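In the form predicted on its own, a lone chain appears below as structure tokens.
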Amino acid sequence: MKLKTLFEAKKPTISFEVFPPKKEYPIETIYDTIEALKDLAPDFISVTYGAGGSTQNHTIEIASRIKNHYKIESIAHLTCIAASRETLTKTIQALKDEGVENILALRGDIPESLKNQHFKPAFPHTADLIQELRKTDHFSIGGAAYPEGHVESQSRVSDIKYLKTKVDHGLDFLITQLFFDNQKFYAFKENLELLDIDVPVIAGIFPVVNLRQVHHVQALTGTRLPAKFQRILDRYQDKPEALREAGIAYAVNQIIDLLSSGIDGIHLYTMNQPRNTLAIMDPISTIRKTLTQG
């Protein structure tokens, strides 16, 4: 099913994100993760891949397995900055052949191997990729949104204007970058309404369960930590299990607040850690049933 159709029929959705294992690990490890998550009945699972498409083939394989074996809708992440026109055409055809109907269109990062060359990408922007994908009606296309602004953007205004450009090129839905302050998400949604950006916006939630994750997330996304979250880190930074429990509780509280606000959907960045995902989903199981029943 195309996710555009799903969002028209059901809100809120609950979905997960997984990623292919690193090259030194067998691909079967990701299927252990999916086996542990499937009974949670997610509405869809997205599959990311590394910079430069280093695990692109695995992404297609995993997205296909999720859809065709586990009978759960899947989204394949697709980046364009390092793709030639020929490579992108082959990838699109491979996704079609596997029956994958949903793509998250992303620019991606320029691989280190190309940064010192006179690199001229065939698809320099996400909007170019969306335009290419819209040459067929096979896919429902999603894009990334940044409630606190993209780390490379000049300003939040320019960031939202470019988001408007992407939507106008044919996005069916948006999945946000992680955030820890729901008020910033609500303010972001208000800004989208001012620009008549009227597509489902799925909130990306990232449960922080150790300090290494905090530092990595901040360096990668530039997201800001609200005072109440910083207090958790200060109090439990030298107590790993307590920090994990507090991080999970914080994510649960975020999700409950978002669901109560009438959110289009929740997208949980699982980091391939089913134990943490199960711990987050259990406290909201009754709320989820209530929302499903209307």
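In case it trips you up, residue 1 is the first one in the sequence shown, and so on. Just so it is clear, the model here is predicted, and its values are computed rather than measured.
Another form exists, predicted in complex with a small molecule; not displayed. Remarks below refer to it.
Contact assignment for the small molecule in the predicted complex, among 182, 140, 176, 223, heavy atom within 4.5 Å = Contact check passes for 176.
Answer option from 192, 106, 199, 82, heavy atom within 4.5 Å of the small molecule in the predicted complex | The residue from 192, 106, 199, 82 that makes the contact is 106.
Looking in the predicted complex, is the small molecule within 4.5 Å of a heavy atom from each of 126, 152 and 269?
-> Result yes, every residue of the spot touches the small molecule.
Which of 91-99, 132-140, 208-216, 74-82 has heavy atoms within 4.5 Å of the small molecule in the predicted complex?
-> Selected range: 74-82.
Using 4.5 Å between non-hydrogen atoms, is residue 48 touching the small molecule in the predicted complex?
-> Although the small molecule is absent here, residue 48 would touch it in the predicted complex, with heavy atoms inside 4.5 Å.
Contact flag, residue 144 vs the small molecule in the predicted complex, heavy atom cut 4.5 Å = The answer is yes: residue 144 has a heavy atom within 4.5 Å of the small molecule.
Within a 4.5 Å heavy atom cut-off, is residue 148 in contact with the small molecule in the predicted complex?
-> Although the small molecule is absent here, residue 148 would stay clear of it in the predicted complex, with no heavy atoms inside 4.5 Å.
For residue 186, is any heavy atom within 4.5 Å of the small molecule in the predicted complex, or not?
-> No, residue 186 sits far enough from the small molecule in the predicted complex that none of its heavy atoms falls within 4.5 Å.
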